[in-house]
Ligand code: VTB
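Form predicted on its own, single chain, as structure tokens, below.
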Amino acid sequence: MTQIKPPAQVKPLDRAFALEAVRVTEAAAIAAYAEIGRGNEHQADHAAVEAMRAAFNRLPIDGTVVIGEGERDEAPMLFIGEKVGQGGLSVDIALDPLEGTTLTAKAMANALAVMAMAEPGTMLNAPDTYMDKIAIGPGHKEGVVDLDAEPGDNINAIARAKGIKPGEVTALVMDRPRHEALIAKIRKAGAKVKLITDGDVAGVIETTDAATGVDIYMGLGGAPEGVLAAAALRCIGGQMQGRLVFRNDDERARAAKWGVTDLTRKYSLHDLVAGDVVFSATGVTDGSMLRGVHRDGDFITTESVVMRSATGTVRWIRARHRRVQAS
């Protein structure tokens, strides 16, 4: 299986990299802004990828992409294993230059540019497969919910932990046909279901913010997004479990290539991300977590959140950028 260093061996990242991380996601979000509502998912993603790669290459890091846009033969930019940066501190990088390509193309809410940096060997090299996930916010004893438990049991467990009735629990689930049975079981337990069309990194993070009303995240989403979500939870608190889900032999072979030998393993939050990590997200379209990119006269405004697990610091950053005029 992929080896992850135990937290005790992890050297904290320089705090300056928190602000450097914001510049990277800001660049991707601003590039994607031009493609909002234009109906071209590929072009929106391409613009964000190009901008994020250029921003990384301005940083004093020796970075390796461990969660990226795909494998080298499938992704011209920011592929898994690609080296970025000008040289310096060695870091592993997980990224999604545009989480919500469909959301951007259709001018829908909650599209983000997302990345995380950590010391080498401390993030799971998750293959591009599905991951079955369950996540809750901070403040609960470890193991209050379990990926292997029935959905109704998890609803009852989180209700007891919060001192509320099951009918007051809200579960967030991606709106997919594969989740019909899961949704039915959640509702049978008396809980409410909030459906999202895309963006399960933001969906997991919603469990940490009481203002969203989301108590628990459940269901299948992308494995790379699972690692990014785990990076955020490492910073702000919470619990998460995940298990890789394979649809065919090609996906199993891809997992083996990245060092995953136990195909049924249940990963805890610390299995997914260990040690110090910096996480950054910038809104592309307006959403529940962040305001999107907007034009303000000769300027463009962005809103970002940047977190660091070593200190538990969470910063919200609103920035104004001078628009580049066409020549």
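Position 1 is the first residue in the sequence shown; the rest follow in order. All values derive from a computational prediction rather than experimental measurement.
Not on display, but discussed next: the form predicted in complex with the named molecule.
Peer 1: Among 231-239, 251-259, 97-105, 115-123, which stretch has residues with heavy atoms no more than 4.5 Å from the named molecule in the predicted bound form?
Peer 2: Going through the listed ranges, the match is 97-105.
Peer 1: Using a 4.5 Å cut on heavy atoms, which of 127, 151, 221, 137 is close to the named molecule in the predicted bound form?
Peer 2: None of the others qualify; the residue that does is 221.
Peer 1: Given that the named molecule is left out here, which of 93, 201, 216, 84 has a heavy atom within 4.5 Å of it in the predicted bound form?
Peer 2: In short, 201.
Peer 1: Is residue 178 close to the named molecule in the predicted bound form, meaning a heavy atom pair under 4.5 Å apart or at it?
Peer 2: Output for residue 178 is yes: heavy atoms within 4.5 Å of the named molecule.
Peer 1: If you check in the predicted bound form, is residue 206 within 4.5 Å of the named molecule, heavy atoms only?
Peer 2: No, residue 206 sits far enough from the named molecule in the predicted bound form that none of its heavy atoms falls within 4.5 Å.
Peer 1: Should residue 174 be counted as a contact of the named molecule in the predicted bound form, where contact means heavy atoms within 4.5 Å?
Peer 2: Yes.
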